[in-house]
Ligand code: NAI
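The chain below stands alone, shown as structure tokens; this is the form predicted alone.
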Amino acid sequence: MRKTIYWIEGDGIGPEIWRAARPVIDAALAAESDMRLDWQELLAGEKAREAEGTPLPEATLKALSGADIAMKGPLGTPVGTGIRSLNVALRQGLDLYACIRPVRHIPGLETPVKHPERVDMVIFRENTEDVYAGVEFAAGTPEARKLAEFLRDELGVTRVAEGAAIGIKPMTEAGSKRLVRRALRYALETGRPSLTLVHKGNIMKFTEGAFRQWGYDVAAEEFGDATCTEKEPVPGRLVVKDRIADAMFQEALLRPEAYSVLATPNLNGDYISDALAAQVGGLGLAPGVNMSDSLAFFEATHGTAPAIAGKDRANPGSIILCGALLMEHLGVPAAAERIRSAVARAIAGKAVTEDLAAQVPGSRVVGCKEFGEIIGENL
């Protein structure tokens, strides 16, 4: 059986991490299945700009809109100017509403916390709404002034200062419920003990507060025979609870073992997924997938690292571990376990890329290419 997988190389260190990662992913699959991947490249980012004059060609979006699996390296986004974000454009254009990030410690990595092994969480982050929707107007523009006038004159909002930049935070019941629904299904299918709704509803009562309530509603209405609340626990059922976002950051440090699956609005999920990754070793070993109802789009969770691009210094671990998520998605969990075990053995063998060296005492620094080869040999 052959399976088509579209892939985007990415900017900066993208080409290097792909050269290290693809042989590992193919070899792990071949060891456990007769399935083979047909890799078909799509253009995005600087490579697309040079070839097509645009960072996100229509041909790329068209191909992805009919696909069921894809992978991508990191794509660059300028701060404060230019295109808002290629990543956001892909998520919104393809309705990749669920960003899913598993976070678990790999033995042998020293981290900023004493007990990183207590962290074993999967974050479900809503991916298309919230402040990332891109409804934003620069300070001093006619649009910002007009919106400020409307808020003051029509709605009586007096707290918008003259000359303010203005952003709008849209959150819908449908968008929130489908994210929580997916997280609930995952938690029940995998036997997780709890799902926590992470929000700032004490302040943003009608957006994040609504996210919290919609989450509880979908749990009660659609999964009522399999869930319960923290206030009314039922033995054997998935416990649905909620935490205010800033308190959740404290809980993640003090009592991470009490949390299993997190469901979050867009911005909260962006923050906490990176913070949790730091607790177990950093973004260099953090995989992720963005999902619609039809497409699973696996991606490296780190940036383009332009300062080290082309120097064989990058860590391909994130995209390699995305391969493990891909294997699970394709129904070959043994291949996923091969990949994770191979990465763990590389860490235990103390031959790591420079970003991991300080976390692996007595380690030998190797390049991106060699690190990939070591992981491949460990398969």
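The numbering used is simple: start at 1 and walk along the sequence shown. On a predicted model such as this, the values are computed, not experimentally measured, just so you know.
There is also a form predicted together with the ligand; it is not shown, and the following applies to it.
Of the residues 89, 305, 277, 210, just one reaches the ligand in the predicted complex with a heavy atom at 4.5 Å or closer; this is 305. From the list 266 to 274, 297 to 305, 151 to 159, 191 to 199, the contact stretch for the ligand in the predicted complex under a 4.5 Å heavy atom rule is 297 to 305. Taking non-hydrogen atoms only, residue 74 approaches the ligand to within 4.5 angstroms in the predicted complex. For the chain shown alone, residue 13 is a contact residue for the ligand in the predicted complex, at least one non-hydrogen atom being within 4.5 angstroms.
Contact between residue 355 and the ligand in the predicted complex is found at the 4.5 Å heavy atom cutoff.
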